[in-house]
Ligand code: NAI
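Before any questions on binding or motion, here is one chain by itself as structure tokens, the form predicted on its own.
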Amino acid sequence: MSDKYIDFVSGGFGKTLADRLGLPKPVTLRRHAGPGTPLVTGPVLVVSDESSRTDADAVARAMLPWGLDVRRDTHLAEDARWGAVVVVLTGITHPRDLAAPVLELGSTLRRLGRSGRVVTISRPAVGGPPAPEVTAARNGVDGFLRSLAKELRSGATGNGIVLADGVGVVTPSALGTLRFLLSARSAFVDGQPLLVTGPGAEDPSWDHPLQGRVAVVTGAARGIGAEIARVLHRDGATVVGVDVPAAGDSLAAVMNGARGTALQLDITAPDAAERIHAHAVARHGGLDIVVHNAGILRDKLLANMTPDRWNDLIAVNIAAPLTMNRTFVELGRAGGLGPAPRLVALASTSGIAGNRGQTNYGAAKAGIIGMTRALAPTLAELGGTANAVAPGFIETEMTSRIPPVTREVARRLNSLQQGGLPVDVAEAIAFLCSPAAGGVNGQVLRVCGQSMVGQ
């Protein structure tokens, strides 16, 4: 879906007018275009404080097999447009330790390329050493990162990897998360610190990390669900698309394109999970990935909310996933799921920050986040993970029906000053389903361009 405003301010009179009036000048984001897409465009600089130097050296070496031009000294590329800057802060013990690496980063930002990347690597404030200075320093990274992301321009993003104490900087999940955040697959992920609590496993292939896996996507007939099915297929998975019978024609078209199978099913049916599992096993030999994407809207101010609007939405958006998950867990304990099952549920920034006229939707999506966190330990026992993805304003058929002025304002209320695309959500889900994300569990990955509200 074209953003006419971006087209207008990208050159000629529109750019001149935007410059004169101080209007936002978002740029078209660089997105993954399939095999052969460069991970970043330009050299990658790795900086650190003195106490994190050993970890920084290890990260720099680990990135070399990715075909990157990795450098440890800003003076080695004084005329270069940096593709990315990785800031390693794993060893800091006092807020003053931030000064040298942060100021070195600042000296490079004017030469950060279009759709460039800044990624911090640090340790968590909670659960770490009890010394107040250490906790303050680690928590300071979070505030620094979120603020920096709001300063970046030209499609650049700032994100963070928070490695639990004991997780090494070159474990598969640490490197897999770094690779995702550096890549064009993370185009609409911004201002996001992502906690990595375990080592994960090596991806068999960057282009096809889901090869041999069977995935189920609910609500797959259109919009974000259809794009999830396509991206999971692109990454090697065999996909089962699920949607209501009324969407049967659309579902069949999507699944034909993704070379998967379609299952017409109301997910609120008490036996929905059993039927999904039976279909996946009968047609494809197993089930490894479940993506809870299906959802409905029944927006109304609470003063005008009716029982049917509230109850219908809760039934589809949160009660059905809860019921299905109980069955999937039972199946997993009985050996009915793959050896490293992945469960990903669609939350929303409305479930984090709230949204006017969406008390029912906000309650359901906040419920998804709670469900995911509660399921994470159980999935870990099964060798898998449970995570949530929280989209912000995404350009879909649904958002195209928002009144024009409201829609235009909603597009600009994030650091990237534009709406995301369904593929941005799908890329985040595909990453969380990959082997390398095995150390990411119980987390909420926001795909919102760093919305100006909420976190």
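Computed from a prediction, not measured in an experiment: that's the story for all the values here. Numbering starts at 1 and runs along the sequence shown.
The form predicted in complex with the named molecule exists for this protein as well; it is not shown, and the discussion that follows is about that form.
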* To do: Assess the spot marked by 243, 296 and 399: is the named molecule within 4.5 Å of a heavy atom from every one of these residues in the predicted complex?
  => yes
* Hey, in the predicted complex, does residue 202 get a heavy atom within 4.5 angstroms of the named molecule? -> no
* Asked: Within a 4.5 Å heavy atom cut-off, is residue 219 in contact with the named molecule in the predicted complex?
  -> yes
* Any of the heavy atoms of residue 266 lying within 4.5 Å of the named molecule in the predicted complex? -> yes
* Might residue 348 be said to contact the named molecule in the predicted complex, defining contact as any heavy atom within 4.5 Å? -> yes
* Looking at 192 to 200, 280 to 288, 223 to 231, 152 to 160, which lies within 4.5 angstroms of the named molecule in the predicted complex, counting heavy atoms? -> 223 to 231
* Asked: From the list 63, 40, 394, 47, which entry has a heavy atom within 4.5 Å of the named molecule in the predicted complex?
  -> 394
* To do: Scan 328, 82, 361, 180 and let me know which has any heavy atom within 4.5 Å of the named molecule in the predicted complex.
  => 361
